[in-house]
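Heads up, the chain below is alone and in the form predicted alone; it's given as structure tokens.
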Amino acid sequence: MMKKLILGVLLLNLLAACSSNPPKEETMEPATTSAAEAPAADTQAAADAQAAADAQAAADAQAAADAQAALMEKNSVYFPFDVDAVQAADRETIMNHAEYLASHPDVKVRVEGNADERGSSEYNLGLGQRRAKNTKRALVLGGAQDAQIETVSYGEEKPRCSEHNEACWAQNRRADINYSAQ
């Protein structure tokens, strides 16, 4: 019986030694900030947000200025000899100006129709006016308001090139979209 008792105690100790205790979970205390640190962090976050907003506004303003400068570079629409219809090659130019005018309703332009030196003065004035009106019509179809656009014809009076050859005449058969004329 003593053997059984010693064997039982030994077995009980062995079982006790083999049992494992679950590991304790470590808990983190929430970080505490002092009352003085909280407003400083909020102020810094607000300053960072304002700086980001200012940088974005500056980037947007620069992009708008670049877009307007690119728009002003291509402000003429060209026509074949004795034609007043806007050509497919110039539709992108017209659409760019129309979109700009549509997004800036306070901006006004003058479309100035021109012709080359061939033909009578009266005929060229009429042709220049038709070119200006057709350019205006294309701008309005693109989204600009009718009231934003004035048309005028200079006929052959304001040539861009004064030589007497086809290359020069092609430069004079145009309608100019003039923003600074208003």
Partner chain sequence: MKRWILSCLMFFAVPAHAVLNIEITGAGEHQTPISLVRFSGDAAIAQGLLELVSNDLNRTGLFKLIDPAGKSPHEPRDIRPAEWAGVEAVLIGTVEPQAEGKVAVKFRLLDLVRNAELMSQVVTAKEDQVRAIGHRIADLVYERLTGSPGVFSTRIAYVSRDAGVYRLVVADSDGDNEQALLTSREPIMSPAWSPDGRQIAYVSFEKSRAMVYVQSLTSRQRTLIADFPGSNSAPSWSPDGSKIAMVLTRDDESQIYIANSNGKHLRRITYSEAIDTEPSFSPDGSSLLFTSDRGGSPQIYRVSIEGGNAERLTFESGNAFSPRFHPDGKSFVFAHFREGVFHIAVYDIESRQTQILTVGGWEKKPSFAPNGKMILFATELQGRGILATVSSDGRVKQKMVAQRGDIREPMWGPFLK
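Positions refer to the first chain, counted from 1. Only a predicted model underlies this, so the values are computations on that prediction, with no experimental measurement involved.
Beyond the structure shown, there is the form predicted together with the partner chain, which is absent from this document and is the topic of what follows.
- Proximity to the partner chain in the model of the complex, taken as a non-hydrogen atom within 4.5 angstroms, holds for one residue of Q44, Q62, S120, Q50, which is S120.
- Within 4.5 Å of the partner chain in the model of the complex, a heavy atom is found for every one of L125, E150 and H164.
- Using a 4.5 angstroms threshold between heavy atoms, K136 stays clear of the partner chain in the model of the complex.
- In the model of the complex, the partner chain stays beyond 4.5 Å of every heavy atom belonging to E99.
- Of the heavy atoms in R110, some are within 4.5 Å of the partner chain in the model of the complex.
- Not displayed here, the partner chain is approached by K158 to within 4.5 Å at the level of heavy atoms in the model of the complex.
- Contacts between 81-96 and the partner chain, taken as any heavy atom within 4.5 Å in the model of the complex, involve F81, D82.
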